[in-house]
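In structure tokens, one chain follows: the form predicted on its own.
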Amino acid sequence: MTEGESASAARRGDGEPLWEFARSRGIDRRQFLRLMLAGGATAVLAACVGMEPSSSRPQAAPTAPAGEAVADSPFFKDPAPFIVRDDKGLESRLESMQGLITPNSHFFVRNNAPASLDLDASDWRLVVEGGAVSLPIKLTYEEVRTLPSHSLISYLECAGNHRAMFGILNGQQSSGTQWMTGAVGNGEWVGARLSDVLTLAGIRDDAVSVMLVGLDTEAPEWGFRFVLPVEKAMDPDTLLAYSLNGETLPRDHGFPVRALVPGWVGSANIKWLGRIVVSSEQLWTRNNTTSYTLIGDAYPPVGESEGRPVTEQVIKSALALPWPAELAAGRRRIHGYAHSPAGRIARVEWSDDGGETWSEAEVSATQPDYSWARFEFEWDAEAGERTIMTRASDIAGNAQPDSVPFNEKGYLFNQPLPHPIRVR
């Protein structure tokens, strides 16, 4: 390769021509990606020096998750185990969960278009572009899977989980799907690091915003989108996930690839990811100006937003019981789940006298990565109408507050819940 060819290839603003050039010199895709991660376009071009054109090798066909859409349902999974909220939401029943990991069959669903997408992985592409990358690229499903994989256990929760409690407990009805306590799940995710993909695209030092865009075209603004600050996008635990609980990512959960942003609200974890836009300026969209924004007297507007954009989750706890619950009198062992974006749950307390006195629950020592914690306690259930409240605190010193200022969309409600129980 001459110096002129090198300069011409280096000036190309598109990763595909560079890949085609490297492939014509006998470099396979895995080697290309490794070179890009190690030294960018310069490393690729250096490896091409002196190499003659050669034929390319075909890629293996990707596999898709099994299953067809359930008849008369906008979802692929069976909605029977869930509380069906609307054509976009399946709420999990915490009482059906026993262990740390939420089975895929019981993992809640929240879509922003009225149906899960049925995409073909062989046709799917991930475009990375924008003014703050020096080498825009387009990756296939197999190319994303070729990148070094990373696995972690993390809970995923809708920003509106517990939303109904603004009305039930505080008498202030908010807009949006009236989730109770089940718009949350805990899973083991596998994927490529978003930082590796951004490195491949030559992310620049002046990058500020990374906007993730889904392929759910029926959502407003063509594709549901969420803007991450570059620091969160480059966090080594922010993933482009293609597996959940040892299985190919289910279609209801974003197959072929979704974002997994641990500790952040569900809307940041874009499903059916198709495009990433990197900008040297703060980006504003519907989902950080009028939606997924805390709007209310307690939340002064930020930037172009009507309030304070929702980003990180808040500490919460909930009992794994129906709402309301019905139990036979006698000694009962009750369990539930607690989670925090700031780290491990250090303590969960419970009260059956309206918060006058509190007892400590047993908290599972198993809390890997960003997992929620399972807690349990013994309760002497006496006949009548009862309530049990729980409150959690984490290792960083965060605790559930006694009250939460109202916001119009009903996000991030996390005050202790007085769970009604009829004991017979």
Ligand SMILES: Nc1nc2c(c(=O)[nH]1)N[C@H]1C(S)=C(S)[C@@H](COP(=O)(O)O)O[C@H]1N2
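As the structure is a prediction and not an experimental result, all values here were calculated from the model. Note that residue numbering follows the sequence shown and begins at 1.
Missing here is the form predicted together with the ligand; even so, the following discussion is about that form.
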Checklist line | Per-stretch contact check against the ligand in the predicted bound form, the hit in 195 to 203, 111 to 119, 333 to 341, 127 to 135 (non-hydrogen atom, 4.5 angstroms) | finding: 111 to 119
Notebook entry, point to check: Which of these residues, N269, S317, N288, T238, gets a heavy atom within 4.5 Å of the ligand in the predicted bound form?
Noted result: N269
Checklist line | Heavy atom within 4.5 Å of the ligand in the predicted bound form - residue from C158, M180, L321, V144 | finding: C158
Check: Wondering, does G214 line up within 4.5 Å of the ligand in the predicted bound form on heavy atoms?
Finding: yes
Check: Does the 4.5 Å heavy atom contact test between D252 and the ligand in the predicted bound form come out positive?
Finding: yes
Notebook entry, point to check: Would F107 show up as a contact with the ligand in the predicted bound form if we use heavy atoms at 4.5 Å?
Noted result: yes
Notebook entry, point to check: Might W350 be said to contact the ligand in the predicted bound form, defining contact as any heavy atom within 4.5 Å?
Noted result: no
Next item on the list: Check each residue of 282 to 304 against the ligand in the predicted bound form and list those with a heavy atom within 4.5 Å, in sequence order.
Entry: Y292
